[in-house]
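Encoded as structure tokens, the following chain is the form predicted on its own, with no partner shown.
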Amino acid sequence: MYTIAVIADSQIPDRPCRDLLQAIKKSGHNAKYIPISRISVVVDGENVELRLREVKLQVDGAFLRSIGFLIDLEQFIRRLTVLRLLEESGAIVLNPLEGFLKSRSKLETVVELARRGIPVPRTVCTEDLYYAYVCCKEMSEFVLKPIQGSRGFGAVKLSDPDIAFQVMKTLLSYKKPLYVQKFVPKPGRDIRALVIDGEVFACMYRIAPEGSWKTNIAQGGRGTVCEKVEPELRELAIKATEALGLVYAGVDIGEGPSGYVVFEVNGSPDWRELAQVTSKNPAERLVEVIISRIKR
């Protein structure tokens, strides 16, 4: 019997975390939910341990769901060290830390995808206000996004470079880098493909609410099942997941004027809507995958 943890930032598990915990128990193994803030690093002489208060943390595997959204640099560094030590202990972590971190950064994501010939929107990331302004004029219609984040929060579509100038000037005053992407027109929807261990497990269209360009479920979008996954779409989703070193991912793909384009790759995707519209919950398959890797 293995002990498998689900690690996240929240003190209370969300729906995907609860699904994973239930699937772990159903498989006959021990399940633990662990808020990452409760894991401590203890260095005593040459001995280095991870502990949950006085108890040494010992798990065979762990699902890494979140390291926190609104955290500062020191919290990030501490949590990064915790997770590296967890991997070094021999525990199988899904997703692997390196891939998880790449997917957390929209900039690293587009860089890795572009290097492998995967189509992505034209992107500029800079702290040079003048250059960003020039690029906005060249793009004509563009999206300003935070480098890290999800659910469409903070993404703004603009076509006026002078309005963008004021927005970007404000962002820089708060020491926020400027991340600008050329807007890719799409038919009121995009595609969310959930890839698990080299296969497309489930797929849905995300339909934007009327009058909005955002398809995120958290922004009022709704899902409908994508029953026929074309070979090109399937290959693109799998390649995007593997390009970041991820075992599973939610890949967001647009149907642009020139063909498919990958917008984002989420290393800890929320699957509530996808499970509802496709009647396929990925938790049991993910538990099968982590157990198979623990056994190796």
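One rule holds for the numbers: they count along the sequence shown, beginning at 1. Note that the coordinates shown come from a computational prediction; the quantities given were computed from them, not determined experimentally.
Omitted here: the form predicted in complex with a small molecule. The next part is about that form.
The partner is absent here; in the predicted bound form, the one residue of W213, F165, F76, Y131 having a heavy atom within 4.5 Å of the small molecule is W213.
Among I196, V143, L97, V82, the residue placing a heavy atom within 4.5 Å of the small molecule in the predicted bound form is V143. Only one segment in the set 67-75, 111-119, 197-205, 214-222 has any non-hydrogen atom within 4.5 angstroms of the small molecule in the predicted bound form, and it is 214-222. The small molecule in the predicted bound form comes within 4.5 Å of no heavy atom belonging to D60. Heavy atoms of D270 never reach within 4.5 Å of the small molecule in the predicted bound form, leaving it off the interface. Shown alone here, R151 lies within 4.5 Å of the small molecule in the predicted bound form, counting heavy atoms only. In the predicted bound form, at least one heavy atom of K186 sits within 4.5 Å of a heavy atom of the small molecule.
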